[in-house]
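The form predicted on its own is given below as one chain in structure tokens.
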Amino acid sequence: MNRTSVRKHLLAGQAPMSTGIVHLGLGNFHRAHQAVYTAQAGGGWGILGVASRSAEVADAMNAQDGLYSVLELSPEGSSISVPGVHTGAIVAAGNPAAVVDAITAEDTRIVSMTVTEHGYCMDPGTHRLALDHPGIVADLSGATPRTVIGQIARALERRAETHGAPITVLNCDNMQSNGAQTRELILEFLQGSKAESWIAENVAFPNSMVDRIVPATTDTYRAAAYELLGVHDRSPVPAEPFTMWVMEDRFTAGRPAWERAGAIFSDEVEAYELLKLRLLNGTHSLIAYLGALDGHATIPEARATGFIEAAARAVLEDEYLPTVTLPRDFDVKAYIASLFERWSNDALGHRTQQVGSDGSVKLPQRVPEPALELLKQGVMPEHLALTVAAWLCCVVPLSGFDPGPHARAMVDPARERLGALAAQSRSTGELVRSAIGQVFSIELAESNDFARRVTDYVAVITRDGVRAAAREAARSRTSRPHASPAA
């Protein structure tokens, strides 16, 4: 790909003038979301993309003058565009010092991140910095930092030492109160540092919510991009047409005019966050785990299966929706309808193994709080228990149970730890209680009723199959009044 051949597809009319944003996490989501908003905003804001470990995307972009295509796919048809806002791409693992230098640079006014939940080295139970994490231990020892928190913290420390320009740290990951959470993690890392007072006066940590379904790139998508673009793109990004970005308007050193691209600036970000984390992400996870256990490769295949759609509607309407406060003037009926439409996008083919991966990091953000809220009301969250059971059956199947190829392909940082727990446990119930306590929360593990219900569902899945477990959960729905989307 070259700049001349794709000029007609560029979202911005000119190349960025300079690097104003350093973005950590050069994955498909960033390239189909924040990069597209920044291109559509105009104003010459360039982005230096930082890949965590793999050089594949960075090498492809650098070989293509920083360009790549975004392929929007829907049953109605496809379209293609080229954001053209990256000033370069580097790999953090190969040159961690360059990352710190880039964030420290005077021209850098925003450092943003999409490194997924496990990239923050948090203790899932306390949401505090995991000081025993090997990466954090190494970063605190004075070595060139390699974790995201360590790199940002050391860069802020250097800016403080030189009385540098203000900067904004913009978390774009699926974490509740993600800006405030990032601030706390960085301050824990820098505890006792002289930089703390400078950060208080010069660094903003706005909360944000991002939303777009973006699958992994495959040769099928490369071929589709070539057909539409007319040139070979080594690293196109497939994406659904839907996109959403909500954030607080708190930036200490300016920002692109993202509202021109449709971004929403709001003082109700937390409400949007919970809406997305629970109704979208939480339900999406259940679809993925049930789908994988039922042999479905993609989310659209799973969603089109009757028992999975029924379970998805039940967990969304009965268990997630009653635990959120809606933003002002928000049309929840239309939002729920859009979710099921998006999960049906068979042109996208989002894979169950991708959505189900990293459940031990994602689910603690989605399940414990609504489960505990319902339990305190005397209501058993049957489909949240089913979510936890299905996840366990995917990543740590009991002896003799085959979860299928799509579940086996899921990546989970807790898989080895959970396997050790399974080997030590004397019963399924003991494994379930230990897993809930270590991955979710002690409070949820101490709920005997919830742990027993998860154990029941694990037993049913392994003995009679996932459809039998879903039928049992469905019976609980018909036995009590449930919430309506109109509520």
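Residue positions are given as counts along the sequence shown, with the first one as 1. Bear in mind the structure is a predicted one, so any value in this text is a computation, not a measurement.
FYI, the form predicted together with a small molecule isn't displayed, but the following is about it.
Participant: In the predicted bound form, does every one of Leu384, Cys394 and Arg453 come within 4.5 Å of the small molecule, counting any heavy atom?
Facilitator: No, the candidate spot makes no contact with the small molecule.
Participant: Of these, Ala312, Val355, Leu279, Ile186, which has a heavy atom no more than 4.5 Å from the small molecule in the predicted bound form?
Facilitator: Only one option qualifies, and that one is Val355.
Participant: Which listed residue (Thr217, Thr108, Gln151, Asn174) meets the criterion of a heavy atom within 4.5 Å of the small molecule in the predicted bound form?
Facilitator: It is Asn174 that has a heavy atom within 4.5 Å of the partner.
Participant: Using a 4.5 Å heavy atom cut-off, indicate which stretch of 280-288, 197-205, 315-323, 374-382 touches the small molecule in the predicted bound form.
Facilitator: Going through the listed ranges, the match is 280-288.
Participant: Any of the heavy atoms of His350 lying within 4.5 Å of the small molecule in the predicted bound form?
Facilitator: Yes, His350 is a contact residue.
Participant: Decide whether Lys362 counts as a contact residue for the small molecule in the predicted bound form under a heavy atom distance cut-off of 4.5 Å.
Facilitator: Yes - in the predicted bound form, heavy atoms of Lys362 and the small molecule come within 4.5 Å of each other.
Participant: Whether Asp211 contacts the small molecule in the predicted bound form should be assessed with a 4.5 Å heavy atom distance threshold; does it?
Facilitator: Heavy-atom contact with the small molecule at 4.5 Å: present for Asp211.
Participant: Might His86 be said to contact the small molecule in the predicted bound form, defining contact as any heavy atom within 4.5 Å?
Facilitator: Output for His86 is no: heavy atoms all beyond 4.5 Å of the small molecule.
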